[in-house]
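One chain comes next, on its own, written as C-alpha cells: the form predicted alone.
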Amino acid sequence: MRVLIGDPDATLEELYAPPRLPWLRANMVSTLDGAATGADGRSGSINNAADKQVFDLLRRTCDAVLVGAGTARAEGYGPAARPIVVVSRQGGVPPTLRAAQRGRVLLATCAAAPDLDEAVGMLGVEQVLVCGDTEVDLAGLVGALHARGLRHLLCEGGPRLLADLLAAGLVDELAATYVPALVGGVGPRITAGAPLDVRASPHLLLEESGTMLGRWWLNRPDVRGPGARG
C-alpha cells in the first residue's frame, strides 16, 4: 500500500497500532457516493482485497469486536478469534452466533429486553451484560468490557450503533475505507439516526488500486447521548 499520510517505513500493523489503551476504534467501509452497503444490504458486497487486509488486521489485534444485532444478522456474523459483543435492546442472539463456543459471544442488552431470559439460557449468565434499564447504556458497556480486560475495542457498526457511540463520546478513532465505486440507490451511510457534530483529524491515509484507507482521531463531544439500538 502507498502511504500518503504516515510513516512510509512502518509496517501495516505499526501504522494501525492504537496510541494508548483503552482505545475504541470504529472500522467502516463506504463507496465514493456514500453507500455503506451494496444493493444486497451488506457491506461485504462493496469491500475489496485492500479493505479485507485491514479488516483482518484490526480484528486480529483488537481485544473484542462490538456489533449491532441487526448488522450481525444481515452480514451473517460467525464466531471469530476475538470475542464478538452483540449489542441488542431486544436481547436477541443472531442465529449464526448461537452455536459459538462458550465465551466467544457476549450479548450486551438492557433489563427490559424481551429475549433476555432466552439469551442467558443460550450463552450463560456470565456472557450476558445487562447495561441499563430500557436502553443499552453504552458507557456502562464499555466500562464493563474494560473491567474484563477487553480494553482495545473494535466497533464494526452498524450505522445506528456507531452513531450512538459517537453521540455518547465513546469513539476514539474512525478507520474508514473508501472503495472506488458508486452504487446509487438509497442505501445507508456509515451512521444513521439523530444529527451529530463530531470533528475529526486525519492521522493516516493509504492508497491501493484506487481504494483509500485512513485513520481519523475523533474529538469527543462533551454531552453524552442516548443508549444504543441494535
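Don't overthink the numbering: it's just position in the shown sequence, from 1. Keep in mind that what you see is a predicted model, and the values were worked out from it rather than measured.
Although not depicted, the form predicted in complex with a small molecule is the subject of the following passage.
Enquirer: Among 98 to 106, 68 to 76, 142 to 150, 121 to 129, mark the stretch whose residues have heavy atoms within 4.5 Å of the small molecule in the model of the complex.
Expert: Answer to the contact question: 68 to 76.
Enquirer: Looking at His203, Lys52, Arg42, Arg59, which is the one with a non-hydrogen atom within 4.5 Å of the small molecule in the model of the complex?
Expert: Checking each option against the small molecule in the model of the complex, the one that comes within 4.5 Å is Arg42.
Enquirer: Considering Met28, Ala64, Leu170, Val179, which brings a non-hydrogen atom within 4.5 Å of the small molecule in the model of the complex?
Expert: Exactly one listed residue reaches within 4.5 Å, namely Met28.
Enquirer: Is Ala36 a contact residue for the small molecule in the model of the complex, using a 4.5 Å heavy atom cut-off?
Expert: Heavy-atom contact with the small molecule at 4.5 Å: present for Ala36.
Enquirer: Does any heavy atom of Arg89 come within 4.5 Å of a heavy atom of the small molecule in the model of the complex?
Expert: Yes, Arg89 sits close enough to the small molecule in the model of the complex that at least one of its heavy atoms falls within 4.5 Å.
Enquirer: Although the partner isn't part of this model, could you tell me whether Arg82 comes within 4.5 Å of the small molecule in the model of the complex, counting any heavy atom of the residue?
Expert: Contact check for Arg82: no, nothing within 4.5 Å of the small molecule in the model of the complex.
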